[in-house]
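First, one chain by itself in structure tokens, the form predicted on its own.
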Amino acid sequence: MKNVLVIGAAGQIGTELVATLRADDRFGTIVAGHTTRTPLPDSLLQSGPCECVDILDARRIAEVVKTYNVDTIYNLAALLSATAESKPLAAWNVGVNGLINTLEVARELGCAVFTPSSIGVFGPETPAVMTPQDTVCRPKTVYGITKVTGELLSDYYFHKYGVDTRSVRYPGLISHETPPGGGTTDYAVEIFYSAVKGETYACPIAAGTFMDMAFMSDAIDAAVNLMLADPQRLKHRNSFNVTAMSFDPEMLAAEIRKRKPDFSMRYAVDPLRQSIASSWPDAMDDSCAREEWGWQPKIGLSEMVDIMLSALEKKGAGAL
């Protein structure tokens, strides 16, 4: 069984990934690595080992790997797209220098490494419809630049040192477990909070702006199943296109109105977030992930809307 260290366990992906791995009998010890700046929820603190791990401290990463006999590292530390544009040096430091720390520990101690990439690797020159697996990657944001660099570094460590690196290019991720955290696609989460509260949603993304999306449970499945995949089947490694659905704000609002007819939305386009969104694909081709390790999303737009509204209504508007 694999012993796993999840760096960035308190983040949007990390909280759900740790819980999923701890419930999966194909895995052994699951260490939730977090910083003092971002505390873990009680559910993770009580369900398994937790350690303070800063992605910029290679020595500490190595200590935890040795203590728990870790053989697989999920490196989830990153600043999200819109936040990264306001803190470019911090985004580079965490996204690139932190990755190098992780890869060096993996090289020295024999670990596999999963580092999520993003649709942010693409830019205006990339084909927007059915964006190929292998295509032009010329991003216009520091977030995208760090992700392209991460893909190349991960491939380098695989070919140069034999480190088992693997990655997926995540689309926008939708979850009711953690609040939005500074991503360009976060409108697709924020809108549900407004709908449940009975508020008019001010959408920062313009009508007609299509982007790839996936529900968090599918994103977690991708992270788990790729690391369990037969390496002999992997023609690609860093990084696989994955997607589950593509929609624009109008389509999402229309689905919400099928359940909540009084829901209203207006547009208050954010120039930064819109410029980022406009540079990303409308819809990716994820056929390589399907063929090489069996990627198969389960949640589509209609199912996602049902799940999000139901979960947030159970929490109650006062808790949101």
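Position 1 is the first residue in the sequence shown; the rest follow in order. These numbers come from a predicted model, not from an experiment.
If you look for the form predicted in complex with nicotinamide-adenine-dinucleotide (NAD), you will not find it shown, but the lines that follow are about it.
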property	result
Selected contact from E51, D270, D54, D285, since only one has a non-hydrogen atom within 4.5 angstroms of nicotinamide-adenine-dinucleotide (NAD) in the predicted bound form	D54
Option touching nicotinamide-adenine-dinucleotide (NAD), based on a heavy atom within 4.5 Å in the predicted bound form, out of L80, I145, V224, L153	L80
Stretch in contact, per heavy atom within 4.5 angstroms of nicotinamide-adenine-dinucleotide (NAD) in the predicted bound form, of 167-175, 246-254, 191-199, 131-139	167-175
Heavy atom of each of A10, V94 and S118 within 4.5 Å of nicotinamide-adenine-dinucleotide (NAD) in the predicted bound form	yes
Any non-hydrogen atom of T38 within 4.5 angstroms of nicotinamide-adenine-dinucleotide (NAD) in the predicted bound form	yes
Proximity of L76 to nicotinamide-adenine-dinucleotide (NAD) in the predicted bound form, heavy atoms at 4.5 Å	yes
Partner proximity in the predicted bound form: T185 to nicotinamide-adenine-dinucleotide (NAD), non-hydrogen atom cutoff 4.5 Å	yes
Residues of stretch 243-281 in contact with nicotinamide-adenine-dinucleotide (NAD) in the predicted bound form (4.5 Å, non-hydrogen atom)	none
